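Presented below, as structure tokens, is a lone chain in the form predicted alone.
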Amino acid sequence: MEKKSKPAQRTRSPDGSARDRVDSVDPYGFQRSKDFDYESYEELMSEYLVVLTRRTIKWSKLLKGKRRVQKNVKLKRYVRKGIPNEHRALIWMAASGGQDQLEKNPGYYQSLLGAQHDPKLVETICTDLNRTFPDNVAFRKTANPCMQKALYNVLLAYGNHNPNVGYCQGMNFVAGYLLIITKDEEKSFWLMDALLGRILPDYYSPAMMGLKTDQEVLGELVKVKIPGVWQTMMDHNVMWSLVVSRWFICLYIDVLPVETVLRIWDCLFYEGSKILFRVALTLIQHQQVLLQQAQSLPDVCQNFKQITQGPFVEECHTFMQKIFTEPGSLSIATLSKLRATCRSRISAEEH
């Protein structure tokens, strides 16, 4: 589901089809797939636009043109109900601490671009540039301006800023989404710093310990909350990393629809990494019957792919309400405890 629809495309002509009214490129620059269901999308958008309009008016009143916001209960509630696209960069930067870092370090981003570059880092980043969103018109070589240059700069600056991480696959998609929303290299860099340094520590470091840990933590949560699915995974000897690693490393990019991903990110920047678990548990819980029907390892993998598609995830507003109710309580204390247990188990297995 996409965010804004051009007014001209909302007018219903008696003989025209939804395909004639809806643009073949979404508002974020992604080309719609050949099998895209224009009719369902138009129906969905007619409902979602009402929600969006209402939220936009509320946000305008809340912000009143301010460039600074303070975290509070009301703002958290607003974020959960979705940030209008024009305010996303402002709220993401404020909520994540990125704005504070940017203001404390004037000129730092430019200095990273001007620093001596490690040829290996440059080569690795360049290899992935053409593979980043080939279906997005802004990332094509023919685009003007072409986002690939900005993407290269943000990834290079981050690699210089955090040599321990440097660059690894997955970071290109995250940086790409940040650029699509902020349209600003420096803000995208500081949001990367917030995500990789504070919100998702150790996801992209060479050992990927944070990522491995959180996949196992999800397994432990499923064992308690959705035991039937956990049993299916055990019966077919499927490791969690096989079915959910892309969910975590790409933060649901190319897993869920664009608009749903952005709504998840609204909460991720505000509330932290537990949102990733809420989303995963909601997907698994909602389709537990299908997941438990798997007869083999390939079945399990196929079913996990299937649960990230369809109306349940496309109706992002309803989906986001569900992630805060369906999985039940999920405290930071519970997560911290599980992370410590899983981390030591993985360390023991690796040594």
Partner chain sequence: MSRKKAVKGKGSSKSPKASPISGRSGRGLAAAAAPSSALVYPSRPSISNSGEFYDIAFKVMLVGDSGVGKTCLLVRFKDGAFLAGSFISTVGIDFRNKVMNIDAVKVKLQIWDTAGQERFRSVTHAYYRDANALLLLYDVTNKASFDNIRAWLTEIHEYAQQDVVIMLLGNKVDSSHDRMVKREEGEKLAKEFGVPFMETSARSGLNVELAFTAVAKELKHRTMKEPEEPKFQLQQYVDKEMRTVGCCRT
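Positions refer to the first chain, counted from 1. Source: prediction; values computed, not measured.
Omitted here: the form predicted in complex with its partner chain. The next part is about that form.
This chain lacks the partner; the member of Lys149, Arg131, Lys71, Arg77 within 4.5 angstroms of its partner chain in the predicted complex by a non-hydrogen atom is Arg131. Checked against its partner chain in the predicted complex, the residues Glu86, Glu271, Asp135, Asp184 give one hit for a heavy atom within 4.5 Å, which is Asp135. Heavy atoms within 4.5 Å of its partner chain in the predicted complex are found in exactly one of 122-130, 96-104, 151-159, 224-232, that being 122-130.
Annotation: in the predicted complex, residues Val25, Asp202 and Leu283 none come within 4.5 Å of its partner chain through any heavy atom. Contact between Cys301 and its partner chain in the predicted complex is found at the 4.5 Å heavy atom cutoff. Residue contact with its partner chain in the predicted complex: Leu63 places no heavy atom within 4.5 Å of it. Within 4.5 Å of some heavy atom of its partner chain in the predicted complex lies at least one heavy atom of Ser33. Under a 4.5 angstroms non-hydrogen atom cutoff, its partner chain in the predicted complex lacks Trp265 among its neighbouring residues. Contacts between 146-178 and its partner chain, taken as any heavy atom within 4.5 Å in the predicted complex, involve Val165, Tyr167, Cys168, Gln169, Gly170, Asn172, Phe173.
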